[in-house]
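This document opens with one chain alone, in structure tokens, the form predicted alone.
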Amino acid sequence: MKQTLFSTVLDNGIVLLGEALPSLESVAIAFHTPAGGIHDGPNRCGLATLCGEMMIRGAGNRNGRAIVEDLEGSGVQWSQAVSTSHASFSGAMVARQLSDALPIYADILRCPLLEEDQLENARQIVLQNLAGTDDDPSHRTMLALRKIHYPSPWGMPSEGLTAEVAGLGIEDVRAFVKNHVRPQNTIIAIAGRIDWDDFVANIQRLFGDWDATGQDTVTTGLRGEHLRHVFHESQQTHIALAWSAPPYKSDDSYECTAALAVLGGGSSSRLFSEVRERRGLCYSVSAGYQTQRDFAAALCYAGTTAARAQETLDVMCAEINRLPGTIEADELERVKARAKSGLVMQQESSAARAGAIARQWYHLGKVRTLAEELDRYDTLTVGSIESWLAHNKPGPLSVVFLGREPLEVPIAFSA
């Protein structure tokens, strides 16, 4: 499949990325500015998320209602989110509406109003989302796992901590936006039916004189303890495991993600077959991969009853331990077929492609073509995965239990 990819960097450090998808009538654009949760600072967890909410409550000559009405009046399906590394503002629309949407996004990024009378409403939105998280024990379990496994501040929840969000003031918000919503290292990615030269000219006009002020340095601290029991009054127990893995920018990440897919990536995986289907130990079990730019983790999760929790953990650990030296060709072929199918189907969505090329640039400093990605999967063999596993056996584990009682981790996986 022939691809047309574009990239350029403005003088102030903004990276522009594009992919032409002429078969589509839509276009999607994603603005990723380096104002993510890692910049919250001590005792201010959730500041980035609060700032993201504040930025769409008024910008330029529009109040929050006018921003929403103008975007939706132009047919834009818009979204806003804050991750560990970035604050993101995205939109998908019919291609001819792009010229109407771009000035609105420019105002959001460059001149948000950040009015004090909007702070409490924005805070309540963040706090309500946090309250929803508290009602989701599986999500709470994975948040606790991230916190102990990743070094500070990479493991802190970007959505925030209730007590710390409650103490944030308008000056915290204004200082954060000034320091971290900035052109340097901002990525603007577009995909769909595009005129690249016209797009670059529009972005240059709207963002070219944006000064590169502020800073986005991060001081990486220590990680947490390897084992945590979170008491939760319930008949259920939630189990989460993690161990270190190569980041996406490493060539070894393909071997790692393939091995994890064999272990727990879907209903044909080993964890699903052995723990859930054959033994009936749990109602949910999976394994997956999560990457930051410089480090990554293999993650496993299971939700089960308190009575069967220890056996569930024991069998999960046994399957993890059994993985090296036992991968079969048919397992790998299923993994490769799923991965390649996902890559090809991604080409049918302008929003998916805009997000994908932005993520690739952040992690790699370049965008891989679809052919390069498919070729890399084609080169995966049982031998290459087994060779990697032989030198990178899973463990030691970071482990979180959420439930009434703590569990015992098999000695082979202890830190």
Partner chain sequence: MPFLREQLANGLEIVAETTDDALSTSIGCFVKAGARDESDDLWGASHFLEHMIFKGTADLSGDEINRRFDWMGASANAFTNEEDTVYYATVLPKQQHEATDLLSRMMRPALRDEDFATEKLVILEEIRMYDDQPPFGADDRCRSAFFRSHPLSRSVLGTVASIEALPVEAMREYHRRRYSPGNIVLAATGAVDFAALVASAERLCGDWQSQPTINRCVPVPPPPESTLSHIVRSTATLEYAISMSAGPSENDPDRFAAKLLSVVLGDDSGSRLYWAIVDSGEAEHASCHHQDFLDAGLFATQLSCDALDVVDLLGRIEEIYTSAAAQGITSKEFTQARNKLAGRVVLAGERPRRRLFDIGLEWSHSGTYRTVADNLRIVEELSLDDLHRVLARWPLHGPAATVLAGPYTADSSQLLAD
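Positions refer to the first chain, counted from 1. Take the two forms, superpose them, and find the largest set of C-alpha atoms that agree within 1.5 Å; that set is the rigid core. Worth saying up front: this structure is predicted, and the values here are computed from it rather than measured.
Unshown form predicted in complex with the partner chain; subsequent notes refer to it.
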Just one of 108-116, 129-137, 219-227, 242-250 has residues with a heavy atom within 4.5 Å of the partner chain in the predicted complex, so point it out. 129-137
Check for me: heavy atom within 4.5 Å of the partner chain in the predicted complex, for each of G73, A337 and S341, yes or no. yes
Although the partner chain is absent from this view, report whether R44 comes within 4.5 Å of it in the predicted complex, heavy atoms only. no
Exercise: S85 in contact with the partner chain in the predicted complex, heavy atom 4.5 Å: no
Looking at the partner-bound form in the predicted complex, is V68 within 4.5 Å of the partner chain by any heavy atom? yes
May I ask you to state whether D314 is within 4.5 Å of the partner chain in the predicted complex, using heavy atom distances? no
Would you mind picking the one in F272, F199, W154, F295 that has a heavy atom within 4.5 Å of the partner chain in the predicted complex? F272
Exactly one of R279, R205, R322, K178 has a non-hydrogen atom within 4.5 Å of the partner chain in the predicted complex; which residue is it? R279
Only counting heavy atoms and a 4.5 Å limit, does any residue of 69-95 reach the partner chain in the predicted complex, and if so which ones? E69, E72, G73, G75, Q77, W78, A92, M93, V94
Given a superposition on the rigid core, I'd like a yes or no on whether E233 shifts its C-alpha by 2 Å or more between this form and the one not shown. yes
